[in-house]
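Just one chain is shown here, as C-alpha cells, and it is the form predicted alone.
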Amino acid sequence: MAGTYASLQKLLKKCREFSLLGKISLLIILLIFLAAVWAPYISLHSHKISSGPALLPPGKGHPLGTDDLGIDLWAQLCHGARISLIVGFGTAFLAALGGGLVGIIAGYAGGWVDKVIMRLIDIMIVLPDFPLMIVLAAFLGPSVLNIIIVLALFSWVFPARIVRAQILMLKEHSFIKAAETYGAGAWYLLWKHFLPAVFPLMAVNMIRQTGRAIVSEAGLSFLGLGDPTSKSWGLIINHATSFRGIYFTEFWKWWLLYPWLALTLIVLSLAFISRELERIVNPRL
C-alpha cells in the first residue's frame, strides 16, 4: 500500500510538468469540482423549485436564465455537476479497480486462466456497448447507482488489457523472480510490486474513463433513462430538446447551449489531462 501511495505522490508532483493547456484543463476541472461542492452556496435559487418567470433570458438574478418551469439554470448546472462528477469518477474507480485486478490475475496466473479472461475481454470489446447499456439501464431502473454499475460493467475491459500487458512484462523481471524464490506469495507481490508499478497507467486510464462515463451518463439521461430527480446535465438537455419549438425560438441560446457547453468543457479538459499524464507516464510518447 505504501508503494502505491508513493506512486500517487510521484504522479502528483509530475503534474507540475503539464503544458499550459494541461494546467488550464486542471483549473477548469477544479472550478467545476468547487462549483459542485459549493452548489447550495453559489446558486441564489433552488435547482428544483421555480424562482422566476418561465424561459427568462440570462440577466440580473438569473445569470443563465430559466427553463420552461421558471427554474434557475445556473443552479441546475451547479447541482448537475455533482451527478456528472459522481458518475464519472465512480465509474472510473470501479472500472479501474475491477479491470486492474482482472488484468493482474490474467497476467500473473497465465495458462488457461489467462485464455478464459482474454476471450471474455474479446467478447466484451466486440459487443455494441451503448445499446446494451440502454437495455440494462431500462431493466435496472433510473438511479445514479444503477447508471454507475451499468457503465462500469462495460468499462473494465480496457484497464484489464493495459494492466495485463504490464504484468506480463513485469513478472519476468529478476526482482520478481527473486521474491518468488524467497517464498513471496501472490498477495505480497500484488501489494508490494504489481500495484505500485501499474498504478500510474491505471490513473491515466481512470481519467480517460471518467470523460467517457460522463458522456455516457449524459446520453442515457438524454434518452430518459437517468435518475429523474438528479437534474444532471444530460437530463437538462433532454428537457430542453423535448420542449416544442425549441429550435424555432431563442430559448435554445441559454436552455440548451449552456449545459452542452458545460459537458463539452469537462470532457475536453479530462481528455487534455489524460494526454498530459500519459506523456509523463510514458516518456516515449
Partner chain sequence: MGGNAVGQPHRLRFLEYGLTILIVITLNFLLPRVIPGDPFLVISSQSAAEEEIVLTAEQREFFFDYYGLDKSIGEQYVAYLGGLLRGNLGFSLYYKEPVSRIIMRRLGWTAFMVVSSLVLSTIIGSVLGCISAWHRDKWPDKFLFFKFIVLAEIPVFLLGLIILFVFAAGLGLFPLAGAVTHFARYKNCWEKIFDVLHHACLPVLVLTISRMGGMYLLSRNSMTTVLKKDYLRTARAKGLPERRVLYRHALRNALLPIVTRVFLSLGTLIGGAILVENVFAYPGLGLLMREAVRLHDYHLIQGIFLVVTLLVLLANFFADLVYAKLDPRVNQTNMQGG
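Residue numbers count along the first chain shown, from 1. Small disclaimer: the values here were computed from a predicted structure and weren't measured.
Quick note: we don't show the form predicted in complex with the partner chain, though the next part is all about it.
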Counting non-hydrogen atoms within 4.5 angstroms of the partner chain in the model of the complex, say which of 139, 187, 175, 112 makes the cut. 139
Would you check whether the partner chain, in the model of the complex, lies within 4.5 angstroms of a non-hydrogen atom from each of 127, 248 and 256? yes
Taking 4.5 angstroms as the heavy atom distance cut-off, pick the stretch from 236-244, 29-37, 66-74, 44-52 that is near the partner chain in the model of the complex. 236-244
So in the model of the complex, does any heavy atom of residue 180 sit within 4.5 Å of the partner chain? no
Test of understanding: in the model of the complex, would residue 134 fall inside 4.5 Å of the partner chain by heavy atoms? yes
Does residue 215 reach the partner chain in the model of the complex if we count a contact as any heavy atom within 4.5 Å? yes
Answer yes if any heavy atom of residue 24 is within 4.5 Å of a heavy atom of the partner chain in the model of the complex; otherwise answer no. no
Considering only 250-268, what residues come within 4.5 Å of the partner chain in the model of the complex, judged by heavy atoms? 252, 256, 257, 260, 263, 264, 267, 268
